[in-house]
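Just one chain follows, in the form predicted alone, and it is written as structure tokens.
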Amino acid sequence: MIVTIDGPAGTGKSTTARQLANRLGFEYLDTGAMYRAVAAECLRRSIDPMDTASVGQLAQSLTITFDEGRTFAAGRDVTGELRTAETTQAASLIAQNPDVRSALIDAQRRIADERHIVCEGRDQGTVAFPHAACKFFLTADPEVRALRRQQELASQGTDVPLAKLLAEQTARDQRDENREIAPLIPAPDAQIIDTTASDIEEVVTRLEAIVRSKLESA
């Protein structure tokens, strides 16, 4: 069974997906980490994220793997680079590149083939796995999402004003929602879950009940 969890940043989808996979005994695929890995390699190799051809070639040739919660690009551990402001910005830009999306979606489908897996990202239920058995789309109030990001960065020793994060988030949301290729929208059959006033435990428990019901009726 494939379970997809889509939604914008700050809705808790990564933590939710990881914990849901653990509870179900499924594998977990963080597709956002794949885009961030390509972005991190672009920055390391001084490739302009807006250089469509060069970035597309990199994505086509780059081997991205996961091991014990860590992400590797061409065998190099890039985990510590994935959540930096620079990588986040670059990832949002390269995600608009059709060649990048094509390469990474193909890789995602190979990883998920014939597995019980929870796939988390922005186009999992709409593009990567349109026939997934369970689809969820997480949302949350924009200010709450920005505050969560601020707290995440603070835990890493980085202090960023909330207004700056909110502005960056708004710009990224607009890019994601309005891009021509795989815009950030819920799949028609996705269940929309608002996480604004819910903690992770509540959200995971709700999703687990839905997935187990699907498993029992399959």
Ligand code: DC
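Just so it is clear, the structure is predicted and the values come from calculations on it, not from any experiment. Quick note: we count residues from 1 along the sequence shown, nothing fancier.
Just so you know, the form predicted in complex with 2'-deoxycytidine-5'-monophosphate exists too; it's not on screen, but the next bit is about it.
J.: Quick check on Thr71: any heavy atom within 4.5 Å of 2'-deoxycytidine-5'-monophosphate in the predicted complex?
T.: No, Thr71 is distant from the partner.
J.: Does Arg83 reach 2'-deoxycytidine-5'-monophosphate in the predicted complex, with heavy atoms at most 4.5 Å apart?
T.: It does: once 2'-deoxycytidine-5'-monophosphate is placed as it appears in the predicted complex, Arg83 has a heavy atom within 4.5 Å of it.
J.: Considering only heavy atoms, tell me if Arg122 and 2'-deoxycytidine-5'-monophosphate come within 4.5 Å of each other in the predicted complex.
T.: Result yes; Arg122 sits at the interface with 2'-deoxycytidine-5'-monophosphate in the predicted complex.
J.: Would Ala95 count as a contact of 2'-deoxycytidine-5'-monophosphate in the predicted complex, using a 4.5 angstroms cut-off between non-hydrogen atoms?
T.: Flag for Ala95 set to yes.
J.: Looking at 172 to 180, 50 to 58, 189 to 197, 157 to 165, which one sits within 4.5 Å of 2'-deoxycytidine-5'-monophosphate in the predicted complex if you count heavy atoms only?
T.: Contact-bearing stretch, as computed: 172 to 180.
J.: Which one of Ala91, Ala140, Ala112, Cys134 is close to 2'-deoxycytidine-5'-monophosphate in the predicted complex, taking close to mean a heavy atom within 4.5 Å?
T.: By the 4.5 Å heavy-atom cutoff, the listed residue in contact is Ala91.
J.: What are the residues of 44 to 77, in order along the chain, with a heavy atom within 4.5 Å of 2'-deoxycytidine-5'-monophosphate in the predicted complex?
T.: The stretch does not touch the partner at all.
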